[in-house]
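This document opens with one chain alone, in C-alpha cells, the form predicted alone.
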Amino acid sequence: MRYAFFEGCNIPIRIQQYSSSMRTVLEKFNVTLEKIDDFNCCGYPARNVDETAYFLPSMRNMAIAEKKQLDIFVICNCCFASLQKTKNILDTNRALRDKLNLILQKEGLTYTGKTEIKHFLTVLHDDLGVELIRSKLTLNFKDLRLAVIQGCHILRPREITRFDDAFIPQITDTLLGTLGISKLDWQGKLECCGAALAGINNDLSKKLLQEKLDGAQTAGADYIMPICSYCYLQFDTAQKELSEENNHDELLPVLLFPQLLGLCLGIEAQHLGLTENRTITTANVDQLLALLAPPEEDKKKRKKKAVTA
C-alpha cells in the first residue's frame, strides 16, 4: 500500500515523533507513506475568515495527490476535517469547483475528486484490518490504564467527517483492544480539550484542560492518549505550564497510538520517540515496558510445545 502522507503544519515542527513513529510502525506492514514536498497548509486557519481561501489549499493538496494517483493519509484531525469538508463541498458544488480549478490550472493541476482522504485510524482498522495487525504483534499490554480523548474534528460534523459513529465511536477502542488495552470510560472522551481557545480565552482553555485531567485521573487513568495533534499539545505542553502555575508536580503522561502499537510490535522505545513526549519520563518508559508480555495465544502455544516435548 502507498499513500500520500499529509502531516499538516503542527506535527512536523512540534510533534515530529507522531510522524516518525507512524512511519516506523507502518513499515512493519509494508505500507509506504510518500512525502509530498508540494503539499501546503490544509487551509484551517482561514476557516472563519474566507471560505474560498479555506477550500483552495485543501483542493490543491487533493489535486497534487490525484496527479500521483494516491489517496491522502492524514494524522492531524483538523487537517482531516478540512480536507473532508473541502471534498464534500467540491463534489456537490460544481460551480465552485470549476472556479477554483481555473486557479489550479496555472500550476498544471486539476481536481476531479478521485482522491480519498484517509485518517490513519481508518487505514489501520479498515485497510489493514485488526486480524493482520494482531498477527504481527509480539507483545500485548497488561493492565495499562489509558484514557483516550478523540478530539472534536474527527467526529463532528459527522455528515462531513464520516468517521466512525460520532456518538459511540468504536474504531479506537477496537484497535487498542487488539493491543490488550481495555476500554476506559470517562466523561471527557468526546469533549473539547480547550486547545481551540488558547490565545483567545486562556482562562477557559485552562479550565477545560483541567476538567479533562481531573476526569481522566478520577476514572483511574495512568496515561492519556489524544488522537488530535492539538489535543496532544494541550496535554503534553499546556499541561506542564498549568502544573507550573499551580505549583503541582504530578502530570498525566501523554502517549500516541503509533507509539503504543510500536511497542507491541517489538520496536524499541527510542525508535518511537517516547521520550520526546514532554510528559514522559524514563520511569514511564520502564513502566510501559514492564506492562508488556507475549500475547496469551503465544503463551499457550509455547506451553503446549513444552508439554509435547
Partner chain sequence: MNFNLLLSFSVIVCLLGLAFQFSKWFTSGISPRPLPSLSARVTNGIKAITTTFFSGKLINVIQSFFVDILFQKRIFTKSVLRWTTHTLIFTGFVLLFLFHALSDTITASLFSDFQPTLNPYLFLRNLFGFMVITGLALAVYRRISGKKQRLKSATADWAALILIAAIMFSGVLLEASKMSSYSTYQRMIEDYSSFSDDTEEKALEAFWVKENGLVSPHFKELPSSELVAAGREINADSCLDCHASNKTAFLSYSLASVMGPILGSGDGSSQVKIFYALHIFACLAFLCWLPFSKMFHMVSAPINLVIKNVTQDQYSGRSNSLNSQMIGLSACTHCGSCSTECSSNMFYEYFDNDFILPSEKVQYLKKIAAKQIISPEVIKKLQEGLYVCTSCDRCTTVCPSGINLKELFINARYSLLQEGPPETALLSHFSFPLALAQNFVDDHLMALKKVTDIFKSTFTTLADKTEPLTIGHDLYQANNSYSSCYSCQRCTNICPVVRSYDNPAEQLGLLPHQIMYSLGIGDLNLALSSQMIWNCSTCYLCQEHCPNNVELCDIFYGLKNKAIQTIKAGANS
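Because the structure is a prediction, the values reported are computed rather than measured. Positions refer to the first chain, counted from 1.
Same protein, other form: the form predicted in complex with the partner chain, not shown, and the subject of what follows.
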Using a 4.5 Å heavy atom cut-off, which of 24 to 32, 43 to 51, 260 to 268, 246 to 254 contacts the partner chain in the predicted bound form?
43 to 51
Is L197 one of the residues lying within 4.5 Å of the partner chain in the predicted bound form, judged by heavy atom distances?
yes
Is H153 close enough to the partner chain in the predicted bound form to count, meaning some heavy atom within 4.5 Å?
yes
Any non-hydrogen atom of K85 within 4.5 angstroms of the partner chain in the predicted bound form:
yes
Using a 4.5 Å heavy atom cut-off, state whether E107 contacts the partner chain in the predicted bound form.
yes
The partner chain in the predicted bound form: within 4.5 Å of a heavy atom of each of R14, P57 and R158?
yes
In the predicted bound form, the residue from L175, A166, L144, V123 with a non-hydrogen atom within 4.5 Å of the partner chain is A166
With the partner chain left out of view, choose which of L184, A238, L90, L137 has a non-hydrogen atom within 4.5 angstroms of it in the predicted bound form.
A238
Would you mind checking 114 to 135 for residues with a heavy atom within 4.5 Å of the partner chain in the predicted bound form?
none
